[in-house]
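Take a look at this single chain, the form predicted on its own, given in structure tokens.
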Amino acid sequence: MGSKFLEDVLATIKRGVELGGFPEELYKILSKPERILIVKIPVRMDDGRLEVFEGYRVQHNSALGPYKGGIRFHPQVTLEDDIALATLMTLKNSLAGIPYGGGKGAVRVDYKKLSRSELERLSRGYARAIAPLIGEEIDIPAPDVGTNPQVMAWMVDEYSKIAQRNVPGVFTAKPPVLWGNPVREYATGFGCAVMSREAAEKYLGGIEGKKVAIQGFGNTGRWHAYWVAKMGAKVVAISDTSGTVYDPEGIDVELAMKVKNETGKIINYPKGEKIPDPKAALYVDADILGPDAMEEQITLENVDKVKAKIIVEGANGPTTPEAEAKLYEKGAIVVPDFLANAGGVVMSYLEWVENLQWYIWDEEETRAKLEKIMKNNFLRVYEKFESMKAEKKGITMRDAALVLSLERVYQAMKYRGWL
């Protein structure tokens, strides 16, 4: 990704500032993070040699509250990427209506090459290195690519040792036994399903019986499919790196999840048509499409093959800006990533509130709170989209979401006297 990713993010903010009629000062202040921490993490490997890894924690903006954002373990990560991701978290948290600013962390490492004990030593080393700058009311990290609830458990344990008391609220998406919440596992996919249902209400006359295609069957994709089926839709296509399964009669999502868990490949699902191309899920005859895999899946090259009326972006940046413009020309609607996939960070917020109070909600109660927040967020963006569209040509739902997001950060900074 490199600095191109950061340039794209800054261009997005610039566009939002212009569309919303905000002062140039807003762009100036949001184009730079408030603080960047670069750390080295020495790790003793299993064979006795010492490796030194480079890590970052970027704290982008705190106008709305403590910094919040994931920790990524990835061999290609750069500081510019981390700045871009932290900037996006500011926008995402603002749009979600939760009391958080944006942050992001990363370690440049190929985590797949580490043994479990090496991964634990690295996780604890990173937590120690960033400890002076984080805290339950300062900066609350969570998992991202290459990290998971086990990594969070090691980090919260390490931080608690330093603080000499249990501090569950400093990391979110922990295992439920360590003050996590069971809803967190499926929160992102569940949020995407709520978005699919709400968008279908507005543009397709309801979700009941509508055909849904899901590209990507990782954590987001599988739960998006599971919950949208529970809401009455018919999942007709699912895919992973092994290929695409297409069945116009409808796919049994729970069976597909079982097959994926047991064999690792969705192509082993016993029914339906098997297509070797993982991208084929993007092109089937469906009303709603969930690109829930990776960035840049729907591009100028293949956008003409997309038939869905509603695209709900479960992945980050799965649609290129040029392809998005084309989709709108065709009369489709794209529910943008930082609205659609915010279920994870909203759930992290709910978990954090539980931790601060040492109080636990049950799964159903938690899911109801998450659903209500996601639904209200969709309706706010929908109303803004409709009003902006009436005034200006070529407006997308992403534009409306961007303006609403910037509006909240702008007001907070104005009241604080930063602007």
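Counting begins at 1, following the sequence as shown. Given the structure is predicted, the values throughout are model-derived calculations rather than measurements.
Not pictured, yet referred to below: the form predicted in complex with ligand NAD.
The chain is drawn here without ligand NAD; in the predicted bound form, the stretch among 183-191, 121-129, 93-101, 202-210 whose residues come within 4.5 Å of it by any heavy atom is 183-191. Proximity to ligand NAD in the predicted bound form, defined as a heavy atom within 4.5 Å, singles out one entry of 348, 87, 341, 319, which is 341. Site annotation in the predicted bound form: the residue of 158, 247, 324, 240 reaching within 4.5 Å of ligand NAD with a heavy atom is 240. Using a 4.5 Å cutoff between non-hydrogen atoms, residue 216 counts as a contact of ligand NAD in the predicted bound form. In the predicted bound form, residue 220 approaches ligand NAD with a heavy atom inside 4.5 Å.
Though the partner is left out of this view, residue 294 does reach within 4.5 Å of ligand NAD in the predicted bound form, counting heavy atoms only. In the predicted bound form, ligand NAD sits within 4.5 Å of a heavy atom belonging to residue 278.
Along 249-275, one residue reaches a heavy atom to within 4.5 Å of ligand NAD in the predicted bound form: 260.
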